[in-house]
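Okay, so here's just one chain, in structure tokens, the form predicted on its own.
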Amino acid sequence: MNRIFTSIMVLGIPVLLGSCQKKDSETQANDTETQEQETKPIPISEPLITHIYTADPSAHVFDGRIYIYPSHDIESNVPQDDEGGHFDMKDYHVLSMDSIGGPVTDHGVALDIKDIPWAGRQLWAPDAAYANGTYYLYFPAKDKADVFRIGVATSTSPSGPFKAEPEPIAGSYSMDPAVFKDDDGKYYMYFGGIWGGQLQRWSTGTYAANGSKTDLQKDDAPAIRARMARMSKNMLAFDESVKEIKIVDQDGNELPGKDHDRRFFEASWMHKYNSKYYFSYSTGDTHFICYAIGDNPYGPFTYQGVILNPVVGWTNHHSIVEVKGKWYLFYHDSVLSGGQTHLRTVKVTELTYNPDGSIHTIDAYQKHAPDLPDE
């Protein structure tokens, strides 16, 4: 009997130890998973599509349907550099949906770089407009000399395909075009971006090939200004010389270069609310989407605050559109790709105005982990 008991004990100890070790491993794994849930950002919105990467969404309502004109991120295996060489997009897709939260249609390739006669590389953030019975796609690309210009392509359909004009818009430069239609039917383009967007190289009105990469060293000078111009009636050209946009503080002082949390960097957008002009933009290296308000399309615009806090990924780029009486913010982040800065996905969330016309600041992520399931 003692021999049997001893045998059972000898055979049972490894099983018991194995069971304890298994529980310890499971506990450790659960602790690790809980820690990851606590540290991993929990988005407030899911990507509109996941079969391709998209970024820089410009949203519009055309004929009652929502159309989104994003960049199409790809893995092109271009080495990363501080001027964005790894953002080597080669075509555009158009997305659409009947309602926010509804099914999203990818209409496929709307314009390919090989069909743009003047373009060399890098199809960055686009925008679109409708006028004269025609849909216009505005896009930046580096020309054969590696200088960013802004081109235009046309279509009879908001989803394309689009046919590019043989030359870029005369007098255009830099990137991130955004086209705004005012209540009087006039259209204006807002554009520009420093660093990789080359805006700092146009300070004299002529491109400086060996100019500074940024203006970040000019802390006490006014920050480089975004650009804008009224569009011609045919929407294929500027109808005036390019203007600079002032962004000032509440005391009327222009924001200086060192004010990295408020100064313009890139990603212009214009919308109108309660007869006021809302110019919004990205602060670039500090990753905020901010806004300033003015009384006319040319400004000056007085800084008001932050619309969107920084997102996962280096860039922050947006658009704002009214849909059926509600306002929405379209934006992107890099959560789906695990934080790879050049592989982003487009998202949307509701935007809320306060009674005084200010915009409620949005955080793209919940500040707590989800409740764990009951054991």
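Remember, it's a predicted structure, so these values are computed and weren't measured experimentally. In case it trips you up, residue 1 is the first one in the sequence shown, and so on.
One more form of this protein should be noted, the form predicted in complex with ligand FUB, which is absent from this view; the next part is about it.
Asker: Is the gap between V179 and ligand FUB in the predicted complex 4.5 Å or less for some heavy atom pair?
Answerer: Output for V179 is no: heavy atoms all beyond 4.5 Å of ligand FUB.
Asker: My question is simply whether M89 lines the interface with ligand FUB in the predicted complex - judged by any non-hydrogen atom within 4.5 Å.
Answerer: It does: once ligand FUB is placed as it appears in the predicted complex, M89 has a heavy atom within 4.5 Å of it.
Asker: Tell me, yes or no, whether T345 is in contact with ligand FUB in the predicted complex, where a contact means a heavy atom of each within 4.5 Å.
Answerer: T345 lies outside the contact set for ligand FUB.
Asker: Verify the contact flag for L137: yes if a non-hydrogen atom of it lies within 4.5 Å of a non-hydrogen atom of ligand FUB in the predicted complex, no if not.
Answerer: It does not: once ligand FUB is placed as it appears in the predicted complex, L137 has no heavy atom within 4.5 Å of it.
Asker: Out of 345-353, 312-320, 58-66, 43-51, where are the residues with a heavy atom within 4.5 Å of ligand FUB in the predicted complex?
Answerer: In the other structure, the partner sits against 312-320.
Asker: Using a 4.5 Å cut-off on any heavy atom, which residues of 98-131 would contact ligand FUB in the predicted complex?
Answerer: Heavy-atom contacts to ligand FUB in the predicted complex: W124, A125.
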